[in-house]
Structures are given as C-alpha cells and as structure tokens.
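Okay, so here's just one chain, in structure tokens, the form predicted on its own.
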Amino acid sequence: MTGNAPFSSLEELAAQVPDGAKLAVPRDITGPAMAATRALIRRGLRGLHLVCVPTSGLQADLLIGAGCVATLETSAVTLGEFGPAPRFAAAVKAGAIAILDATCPAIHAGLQAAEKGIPFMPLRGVLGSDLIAHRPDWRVMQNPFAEAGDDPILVLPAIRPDVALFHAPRADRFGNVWIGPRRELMTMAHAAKETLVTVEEIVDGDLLAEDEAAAGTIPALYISAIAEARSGAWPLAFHDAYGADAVELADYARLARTEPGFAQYLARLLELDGE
C-alpha cells in the first residue's frame, strides 16, 4: 500500500499538461494514451517538446498535424505497415517543427540519467555517425578512466520530461499502476516531474502486495494523476486486450496525406469522442 494518487476525469488529466511542456510518450506497441491525446488536441495544446520513447507513430503524427508540437525529439516516427507518418513528414519538409534527431539507445540513456538524478549518461554506439554533428548538446570526451591512448566516449544530457503520459492495463485504489514487463514506462515515470496515466480499469486490492504483480507495478509515489479510459489506446493495439483497428489506421494514412484530409479525419475523430 502507498499514498493515494489523485483520480480524475480524462479532461482533468489532460488539463495538467501545460503549453510548452516537455512531454514523453511511448512507442505505439507499449501503451500510448490515445484517448488522452485526443483530449489534449481538443483543448488546443501548443508548443510541446515531444519526446518519443524511443519512437512514435499515430500519436506523434496527430499531435504534429493538430499544431501541438514545436520540437520533436525522437529516433523515428512511422505508421509501420501503414506507411510513413504523413503530418510528421510534411512538418519536417516545411520546417514547421524543430527536430532533435536521436537513436533508441540515446533516448533511453538520457531518460536513465534523469532517473538516476545525474546530468548526463555515457554512450558509445553513436560514435562515428553523422548524428553527432547535428546535436550540439551532445559531447564527445575522453574516457577519464582509460589507462592509455585515445578512448573517446559520447556523453548525452539527461532528458527530464515535465510530463510522462501513457496508457496502462490497470491501477488499484491506492494509485499504483501495473505496466507488466514494459520497463520503459517505469523509466519514464522515474525520470519525469509528473506522470499522467490512463488505464483500462481501476481495481480493488493492492497491486504492490501481490507477488505476481508487484515487480511490474509503478508505485503511486511516482503517479500524478490517473483516469480510467476503456479502450484508451484505440485505434492502436493494446497488449492482449485488443488488436489494432486496421481499417481506422488505413483511413488515417490515406486522409492525412493532405492538410484538408487530415482536418477532415481529425474533426471526425474528435466528434466520435463526443458521442
């Protein structure tokens, strides 16, 4: 049992993300909070520094197309089998958003630094790539523990999001959130100043007191707000609860190729939420 995290409506949860926030979101297969994303778009959020952990797809593309994003930090944005992310591609070509290009290990390393309360994290794998030339906030230094010779190492600044936002299977009445084996969500919650979570259900009992659940549970200490949102990752797949809505995703990929088509899709999507 832990302290009680605040439970809220979806709209109240979305209201806790301010304009200009550094917002961390997970990859499509991990648990993006799509119902909350639509709530953010409805309230006209602007100026986000969106951190994809370490990639994104529909969630990032919707936020970019809706004008919510000023800076994007990611290693990829793609709709996977449904093709390129059209609003992301259009924004990059138009210079409408700033891009902080990264790699998957680099994103994780930056979050791990914030999680540990240290200013940077060393990493070797990016050395030798052109990426370093486009990231002035990354530094190459000599390994201070090298016994002799040239031993460069890359150091990456900590990534400390203002808000981490994701969808999880369940929370308990004490505010603990079960994420199962998806450990990047734990890292996000540890690294962020605030963590907002939507869940499929809120259950009785104490998840931290259950041997089968405890290791995959984020304690309420790290959770700022929880909102119940059934099918909250739709139209994306979510764990073993439901699969991706292929028809909806294909429709988005087709319509979002143009600005008018995206506007048509978004209006229809937000209208569905109001029904």
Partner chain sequence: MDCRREELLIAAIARLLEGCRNVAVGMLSPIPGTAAMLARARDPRVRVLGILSGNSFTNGGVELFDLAAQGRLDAFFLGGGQIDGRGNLNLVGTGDYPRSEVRWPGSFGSAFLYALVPRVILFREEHSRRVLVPQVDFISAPGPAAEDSRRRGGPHALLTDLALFTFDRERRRFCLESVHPGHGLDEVIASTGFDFDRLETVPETPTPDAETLALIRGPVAREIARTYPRFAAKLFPDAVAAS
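Residue numbers count along the first chain shown, from 1. Just so you know, these numbers come straight off a predicted model, no measurement behind them.
Form predicted together with its partner chain: not shown, discussed below.
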| Partner-contacting position among A35, A225, A66, L208 - heavy atom within 4.5 Å of its partner chain in the predicted complex | L208
| task | Although its partner chain is absent from this view, report whether A171 comes within 4.5 Å of it in the predicted complex, heavy atoms only. | result | no
| message | With a cut-off of 4.5 Å between heavy atoms, is L221 one of the residues that contacts its partner chain in the predicted complex? | response | yes
| T71 near its partner chain in the predicted complex, any heavy atom under 4.5 Å? | no
| said: With the partner left out here, check for me: in the predicted complex, does some heavy atom of D101 sit within 4.5 Å of its partner chain? | reply: yes
| query | Who in 28-50 is close to its partner chain in the predicted complex, meaning a heavy atom within 4.5 Å? | reply | I29
